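Take a look at this single chain in structure tokens; it is the form predicted on its own.
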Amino acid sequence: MVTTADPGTGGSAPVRVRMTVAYNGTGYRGFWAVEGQRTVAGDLVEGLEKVLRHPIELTCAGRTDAGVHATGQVVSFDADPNRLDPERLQASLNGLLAPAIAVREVGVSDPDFDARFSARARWYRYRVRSAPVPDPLRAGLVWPVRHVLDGRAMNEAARQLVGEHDFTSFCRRPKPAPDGTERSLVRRVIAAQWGAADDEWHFEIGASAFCHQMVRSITGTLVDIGRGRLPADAVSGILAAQDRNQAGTIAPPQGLVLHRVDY
């Protein structure tokens, strides 16, 4: 959560608000608040507090990294019902936060709704442009790769990710829990598939949750397979190794989009 404060409802019970947010992550240090850095959450909280005129405690569905985009990020917070007009809030925020951030939907939700803990699945998309010449108009939105990619091999490899696995090989190791125990990196992948459109390859992956750099590490490894640098059956062995050094390239952030969140 971003700030900790009473919403100042003046005696009225606060209401839980749910918002769907899109943003271009270029120029941001990621979604979550980092002191001294510009973040998506920081701009959102600043805008919310300006419109609602009380402190905001924000929760998000997924903490995207620096340079990562979103079309379906979900956030939740408590608001003073006497100061909340969802349509006015959406219009005001879009005026304040454009062009980098757009609020797509605003509504009052159940009191126990939490953008993070109520989520059942997160879905990401990654765009790779396979062409010999860069496209300046897509700079910052795709990963430009000069090689011809083998989509059949990338999809064969992607299928090995589906199911419940320990993704240690594809994740940055988190700090231990307060009691000193290592945090589990077991995740359940629902689907993982590549599709082609003109000169782009689009990778979509959905999971119950993701760990830090998991999607970018998986994408980079699958692109290495598409380039012929690794065999198509390498993913199962990389998973089994539980060794970060066994994975391939980490894809750059600009091609990655948090597409939607299921509840």
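Predicted, not measured: the structure shown is a model, and the values here were computed from it. Residues carry their position along the shown sequence, with the first being 1.
Another form exists, predicted together with a further copy of the same chain; not displayed. Remarks below refer to it.
Colleague: Taking a further copy of the same chain in the predicted complex as the reference, which of 15, 250, 22, 240 has a non-hydrogen atom within 4.5 Å?
Modeller: Selected residue: 22.
Colleague: Name the single residue among 106, 185, 115, 101 that comes within 4.5 Å of a further copy of the same chain in the predicted complex, judging by heavy atoms.
Modeller: Filtering the options by heavy-atom distance leaves 101.
Colleague: Out of the stretches listed (78 to 86, 163 to 171, 149 to 157, 127 to 135), which one is close to a further copy of the same chain in the predicted complex, meaning heavy atoms within 4.5 Å?
Modeller: Correct option: 127 to 135.
Colleague: Is residue 69 close enough to touch a further copy of the same chain in the predicted complex, meaning at least one heavy atom pair within 4.5 Å?
Modeller: Residue 69 belongs to the contact set for a further copy of the same chain.
Colleague: Quick one: is residue 139 in contact with a further copy of the same chain in the predicted complex, heavy atoms, 4.5 Å cut-off?
Modeller: Judged by the heavy-atom cut-off of 4.5 Å, residue 139 is in contact with a further copy of the same chain in the predicted complex.
Colleague: Considering only heavy atoms, tell me if residue 94 and a further copy of the same chain come within 4.5 Å of each other in the predicted complex.
Modeller: Looking in the predicted complex, residue contacts with a further copy of the same chain include residue 94, since a heavy atom lies within 4.5 Å.
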